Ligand SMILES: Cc1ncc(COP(=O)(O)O)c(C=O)c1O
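First, one chain by itself: the form predicted alone, in structure tokens.
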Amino acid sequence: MEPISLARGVPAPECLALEELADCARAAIERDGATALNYGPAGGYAPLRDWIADRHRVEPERVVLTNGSLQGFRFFAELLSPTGTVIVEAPTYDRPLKILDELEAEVICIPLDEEPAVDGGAFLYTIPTFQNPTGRTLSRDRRKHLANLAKEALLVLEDDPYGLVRFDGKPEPTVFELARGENVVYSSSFSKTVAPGLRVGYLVLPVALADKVVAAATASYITPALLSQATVYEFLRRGNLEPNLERINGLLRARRDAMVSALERHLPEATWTVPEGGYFVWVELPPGILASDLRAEGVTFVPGSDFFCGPGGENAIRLAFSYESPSAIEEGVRRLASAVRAAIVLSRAA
């Protein structure tokens, strides 16, 4: 039986612009190899910092490039989590939860459906657009609430890796934009829009915090991966981002549609999100069925409980549609549905 992965949020191979990126890497070396292949500033490759700063309408010194956005989160959390409580959504991306646990940070989980009403703390971590794991997107009113919260009481870290991976609907302004950058740190990467293996993420921070993150980066490595950053810059400089997004989003839209259609056909007893973009569908299993009950042969998925800092998500699973082909997604959901029905039979017999 061929294994099918509905677990990790990995782009399908055809989402990667292999030939163009190879040419961009060669051009980056030919144009600026003396810089890209040498030691350099911990804040990252200057032309790419300038490009990001222009896109977000900030000064370049507010931009810090990192080895993927998760490394940026670690630097940020190491600096701020000792100063107070960290507030996260429930559910939320599991990797930051693991980092906060390693740091022994005090963490409060607030359900996605609740508005945070807090006074003080270290920071609030949110993924407002095509959230990992649920695929949900916060309304403009909820975003305004977070922006106002940032202005009044609490530093907000807005993680936005999926915002440009949109299939339907119109984009809402980011919390960073609504707050005009005041007390909101914006995090993103080129993993979903260009290629994850290049490991180019970034933070947009207040200057004082940016200096501290750069100091943390300096203490962690002598120099960043400047060649990867220069390759991404060359890709952007050529005007490739928008056509690449159109291509990627078309490929992923077909996979999202395949997953939703397969769930409708094979697992109508469950409920699920229909995300307008991103990588994930959040599935609530039929009543009484736990993710731990499922034995889906040849199919991997992530239990919903992995995305909570306490109890929660036991009857839910996260399914990624980003990697497998539409036909493999159909087969994977069919196998998963068989496992759910087997679990239902066992629960009734107990």
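Position 1 is the first residue in the sequence shown; the rest follow in order. Computed from a prediction, not measured in an experiment: that's the story for all the values here.
FYI, the form predicted together with the ligand isn't displayed, but the following is about it.
Interface residue among Phe76, Tyr162, Tyr233, Phe176 relative to the ligand in the predicted complex, by the heavy atom within 4.5 Å criterion: Tyr162. With the partner omitted from this view, the residue of Val281, Leu70, Val58, Ala36 that lies near the ligand in the predicted complex is Leu70 [heavy atom within 4.5 Å]. The candidate spot formed by Ile127, Asn132 and Arg199 is fully in contact with the ligand in the predicted complex: every one of the three has a heavy atom within 4.5 Å. Although the partner is absent here, Arg256 is not a contact residue: none of its heavy atoms lies within 4.5 angstroms of the ligand in the predicted complex. When contacts are judged by a 4.5 Å heavy atom cut-off, Tyr93 counts as touching the ligand in the predicted complex.
Although the partner is absent here, Ser191 is a contact residue: one of its heavy atoms lies within 4.5 angstroms of the ligand in the predicted complex. Only one listed stretch (44-52, 285-293, 61-69, 28-36) carries heavy atoms within 4.5 Å of the ligand in the predicted complex, and that stretch is 61-69.
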